[in-house]
Ligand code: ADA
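Only one chain is shown below, in structure tokens, and it's the form predicted on its own.
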């Protein structure tokens, strides 16, 4: 995988990025005509990319086929895809390997007994949206199509490590740590193999033993618990990371981990027993020139700007973002909220009551927790965003999703972003209460925020939720970059946006029960022409930077206030 470090030293990994053959299937005839045996024609496209940046395909929704030839010495191959939008069907040398659903989730296929020589890889990517899709058609971003992140082929030898989660518990005084590993192992050979397996965290060996697996057998190994005292905590001030290395005689897997404890209790949030308030922004991993195929260099640029703002946290709106970005957050000590793309108004009761939709959401949560488990920067798992929570099926979804995240997600806080906080009956499943609200933008004026803050304080006490910290997870106003006005009440002006954010931030920061806030949003994002949410220029213009990361007036006001808030905490 493309990370900030090499995640394998023994394994032979070939990156499949670069030139692919590309053919539009607007009539959906590719399967009938057996394009999986080789595309009949096509043009060259660079992967990773999205097709909705092509001039002839700006609004194309449907199916496109990709073809790539690669060489392999044969044996057992592992094909890995970081993101195909939204449904992917995969063939290798004409053989169907399977499919995957979910635009932002990593997936892989194992192929045994591959021959030595050239191989033909075919990917059918389908961005079609229907009533069982996640996200739905009505969504406040643009549903791009394509192979949007990197893909790889690896040659597997002997007993291999498919995944490795480092699990740990810190003592009450945070001075001792109990460590064990949850390993997914696979024998890539046709016959039985035994190997020495060892696991290290930094210079601490946490396991060494002999593993024996039958041919093509897959198993999970839970190592015994080890205890250590010679370690440093990961924190926002000292983001200490340790290499987590698991290796056999023929394979290895390298990741990085950090030890930290996140808690929400008594109406507060604690990181390593230190009360922590969250000052953040919502960030889409989208750019007008790149779509969701966001280059790592631009990720670094985004994080430079976010740090300059004085943020200590980022919300990944509204889907899992690239792992290399999370690596950067781990290194910088920035806290992260990760969620899946169940967004808002498109999810009515018929959609939310559909078992296919519910199970797709469950699988997205499983994949998110599987591939992002070891990242210490991730402190919040988000179940869903702005869906109507008085549908009976919605409460059932929240119960299922929170249960899975608690079982699979490690030491993280569980929440959902509530757009109807006075009516929401799913708050019981949250560790923290998160509210999306746009007073002063979608109707009303700034002063309505004071009444809301007082009213919700009374409401949370009435329903017995006063012990939970409250986060304002979205708030803001739109501004057209370069539009200025002498009148501070003129909407869409940079002054109006800046004044509203200043009013909100000062109010939230002095309100005892509000323990954090995420401005909507970091930068403008592309949306749909047919959206009924007043999206001028087909962009959501609530960014405090424009879509090319040029600052609006609000950027400088937020930077002033966030740095003042942080200085007061110190």
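In this text the structure is predicted, and so the values were computed from the model without any measurement. Residue numbers count along the first chain shown, from 1.
Beyond what is shown, the protein has a form predicted together with ligand ADA; the following relates to that form.
J.: For ligand ADA, considered in the model of the complex: do all three of 343, 520 and 540 come within 4.5 Å of it, counting heavy atoms only?
T.: All three within 4.5 Å in the model of the complex.
J.: Heavy atoms, 4.5 Å, ligand ADA in the model of the complex: which of 27-35, 540-548, 46-54, 64-72 makes the cut? Say which one.
T.: Comparing against ligand ADA in the model of the complex, the contact stretch is 540-548.
J.: Which listed residue (149, 468, 318, 260) meets the criterion of a heavy atom within 4.5 Å of ligand ADA in the model of the complex?
T.: Of 149, 468, 318, 260, the residue with a heavy atom within 4.5 Å of ligand ADA in the model of the complex is 318.
J.: Answer with one of 492, 442, 216, 422: the residue that has a non-hydrogen atom within 4.5 Å of ligand ADA in the model of the complex.
T.: Result of the distance check: 442.
J.: At the 4.5 Å heavy atom threshold, is residue 430 in contact with ligand ADA in the model of the complex?
T.: Residue-level check for residue 430: no, no contact with ligand ADA.
J.: Would you classify residue 140 as touching ligand ADA in the model of the complex, given a 4.5 Å non-hydrogen atom cut-off?
T.: Although ligand ADA is absent here, residue 140 would touch it in the model of the complex, with heavy atoms inside 4.5 Å.
J.: Give a yes/no on whether residue 86 approaches ligand ADA to within 4.5 Å in the model of the complex, heavy atoms considered.
T.: The answer is no: residue 86 has no heavy atom within 4.5 Å of ligand ADA.
J.: Although the partner isn't part of this model, could you tell me whether residue 255 comes within 4.5 Å of ligand ADA in the model of the complex, counting any heavy atom of the residue?
T.: Although ligand ADA is absent here, residue 255 would stay clear of it in the model of the complex, with no heavy atoms inside 4.5 Å.
J.: Can you list, in sequence order, the residues from 354-386 that come within 4.5 Å of ligand ADA in the model of the complex, counting heavy atoms only?
T.: 385, 386 sit within 4.5 Å of the partner.
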